[in-house]
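Below you will find one chain, with nothing else, as C-alpha cells; this is the form predicted on its own, and questions on how it binds or moves follow later.
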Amino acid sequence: MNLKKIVVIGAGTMGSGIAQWFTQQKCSVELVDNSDEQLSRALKSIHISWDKLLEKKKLSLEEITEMKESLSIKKLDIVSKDADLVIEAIIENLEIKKDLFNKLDQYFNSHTILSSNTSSFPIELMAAAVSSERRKRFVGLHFFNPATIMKLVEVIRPKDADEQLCHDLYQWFDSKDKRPALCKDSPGFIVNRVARNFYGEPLRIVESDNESKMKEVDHILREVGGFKMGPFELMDLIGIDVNYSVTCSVWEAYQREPRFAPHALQKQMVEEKRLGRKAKRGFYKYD
C-alpha cells in the first residue's frame, strides 16, 4: 500500500492532528472544513507546532518547509478527486456523517478509500450510505488525541470491506511507527467501550463537583494503577463535551445499558461550558 495523497474532513482538534501526522509521514494532505475561520486556526496551530519542533531541533528547517508546502486547506468541492485516502473527522452525528459519505462516494475516484474517525458509531451504519462497490473500500480509522503522539490506531472492518485492504492499512500504519489494532465493528470498538468504565466509575465515586476527591482518584490511578493520567485529567484533555458525546452515543448504541450511562456531572459541565483544558476550566482550572 502506498498512501501519498490524503484528504481529512473536519479541522477540529482530531482532524487537524490527523492532518498534521499524515503530513509528517511525507504525505500530501488537504484539510477540509466548512468554516474558513476554523481552517485558518487549524493551519496556524499546526505551523506553530512545527516551529516549536524546529526550535527544539527535532526537525530541520528543510523538513519543516517541505511539510508546510505539503499541507493545504481547502473547501470540499475543490479537493483532489484522486486522493488515496479520505478520513472523516466531523461532528458525532450519524445522519450528518451519512449525508457526507453519500456525497464523497459520488465525488472521489473509485480507488479512493473512505474512512471515518468516529469514536462510537458502528462503521456499517455509515457504509450503508455509499454504493456496494465503495463499501469494499470503506473502513473505520480511529485515531486518539493527540494524533501526532498517541500511537494507537483502531482499524475497523465492516462486513462488506475488503479484508486484504484492512490488513494492508494495518501494515502501513505499523511501518509508520503507529500501533494499529484490527477491531470488530461494534459501538465504541475496543478502547472507547472499555474507557466508558474508566470515566464512569470515577464519576460515580466522586458523585459531585468535588475537586479534592477528583485529585485523590487521579492520584491513586496514576501512582497505584500505573496510568499516565487519571480519568479526570484525561477528560479535561480530551474535552468534556467530546467525552460526554461519545458516552451518550455508546450508551444509546447498547440500548442504554446502565454500565455505559453518562453521569449528571458531565452534562452539567457541558451546559456550564466547563469543557476542560481548551476552556481553561473543567474538573480542574488551567491558567
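From 1 onward, residues are counted along the sequence shown. Fair warning: this is a prediction, and the values are worked out from it, not measured in the lab.
Just so it is clear, the following notes concern the form predicted in complex with a small molecule, a form of the same protein that is not shown.
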item	value
Contact of residue 115 with the small molecule in the predicted bound form (heavy atom, 4.5 Å)	no
Distance check, residue 250 to the small molecule in the predicted bound form, heavy atom within 4.5 Å	no
Exercise: residue 89 in contact with the small molecule in the predicted bound form, heavy atom 4.5 Å	yes
Partner contact for residue 96 in the predicted bound form: the small molecule, 4.5 angstroms, heavy atom	yes
Contact residue in the predicted bound form, from 238, 221, 67, 46 (heavy atom within 4.5 Å of the small molecule)	238
Listed residue (102, 72, 80, 145) with a non-hydrogen atom within 4.5 angstroms of the small molecule in the predicted bound form	145
Segment that reaches the small molecule in the predicted bound form - one of 31 to 39, 225 to 233, 254 to 262, 47 to 55, heavy atoms within 4.5 Å	31 to 39
